[in-house]
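One chain follows as structure tokens, the form predicted alone.
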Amino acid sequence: MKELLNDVDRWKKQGKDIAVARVVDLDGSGPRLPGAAMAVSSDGEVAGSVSGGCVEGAVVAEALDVIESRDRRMVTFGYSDDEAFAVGLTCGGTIHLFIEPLDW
């Protein structure tokens, strides 16, 4: 989370809305451990990583929807999930993310 602070602070000063995605659980192997985080600004800038790159594009899309809707959500990507496989989550595990808007 600490690696996100400079970007999040800059985006806040620029008046951008922000969503934060965090790995909250893994089933099997996963690219990043629980606690890994990624922030997304309302214009699609990204800081941090929740998967080392393999599902980040799908997470950005979810985060932008969270910014728009203001609704928190759990999302899951796993090897058997067609979308996760298509974006490259081939580690054989499942990652569970909590995505929420950052409210000041």
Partner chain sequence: MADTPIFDTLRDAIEAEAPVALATVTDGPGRGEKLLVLPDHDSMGSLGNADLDRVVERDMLGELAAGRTGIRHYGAEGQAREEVVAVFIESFAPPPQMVIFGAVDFTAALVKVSKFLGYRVTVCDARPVFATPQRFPTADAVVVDWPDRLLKEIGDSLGERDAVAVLTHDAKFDVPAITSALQTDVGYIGVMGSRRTHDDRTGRLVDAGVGPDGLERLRSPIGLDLGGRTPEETAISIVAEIIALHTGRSVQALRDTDGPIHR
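Remember, predicted model here, so these are calculated numbers, not experimental data. Positions refer to the first chain, counted from 1.
Beyond the structure shown, there is the form predicted in complex with its partner chain, which is absent from this document and is the topic of what follows.
Looking at residue 53, you'd find every heavy atom of it more than 4.5 angstroms from its partner chain in the predicted complex. Taking non-hydrogen atoms only, residue 31 approaches its partner chain to within 4.5 angstroms in the predicted complex. Contact check for residue 44: every heavy atom lies farther than 4.5 Å from its partner chain in the predicted complex.
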